[in-house]
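Just the one chain here, the form predicted alone, laid out as structure tokens.
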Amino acid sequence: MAFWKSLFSSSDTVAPPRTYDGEVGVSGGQPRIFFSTDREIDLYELEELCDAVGWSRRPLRKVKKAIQFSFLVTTMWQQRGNSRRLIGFARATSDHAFNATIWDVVVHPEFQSQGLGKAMMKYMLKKLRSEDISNITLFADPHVVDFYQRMGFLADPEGIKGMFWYPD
């Protein structure tokens, strides 16, 4: 319970634990990291982000539809001068009352292990909780289970086993 209280007792603005320092000698000021819930995303830029972490490609028309029908879409950007770069993405579906499931959490490899994925997840959780969503789930690949457990997610907390149906 302390995890949830600490997560949601702060102000509405969730900032990354530190600003990414960027490359040495970059002119035009230090870059900053920010989050957005704007759904106007360049799908090719999102595809490049997913490629960077080794995800298999999905049809862009389906990605667009998934974004369109998601309850919450969060993007993480690096802003340097007038240019910005997509460095993180996550989305959630919901019944708009009780439940939400987080999908497609991705952080560019250059920005991993800096607390930015954790900051993006906290941002997502805070947004979902502000909509009074109380049951938040996700599916995690085995290599990222520890990350989500450190965030307070429990693996099968009540022993309920998820079931899946896939077309042949």
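Since the structure is predicted, the reported quantities are computational estimates derived from the model, not experimental observations. Residue positions are given as counts along the sequence shown, with the first one as 1.
Below, we refer to the form predicted in complex with a further copy of the same chain, which is not included among the displayed structures.
By the criterion of a heavy atom within 4.5 Å, Trp55 is excluded from the residues contacting a further copy of the same chain in the model of the complex.
Put simply, Thr37 is far from a further copy of the same chain in the model of the complex: not one heavy atom of it is within 4.5 Å. Proximity of Gln30 to a further copy of the same chain in the model of the complex: non-hydrogen atoms within 4.5 Å are absent; the residue sits far from the partner.
Looking at Arg129, you'd find a heavy atom of it within 4.5 angstroms of a further copy of the same chain in the model of the complex. By the 4.5 Å heavy atom rule, the three marked residues Ile41, Pro109 and Lys118 all fail to count as contacting a further copy of the same chain in the model of the complex.
Shown here without a further copy of the same chain, the chain has Arg129, Asp132, Asn135, Ile136, Thr137, Leu138, Phe139, Ala140, Asp141, Pro142, Val145, Tyr148, Gln149, Met151, Gly152, Phe153, Leu154, Ala155, Asp156, Pro157, Glu158, Gly159 in 129 to 159 lying with a heavy atom within 4.5 Å of that partner in the model of the complex.
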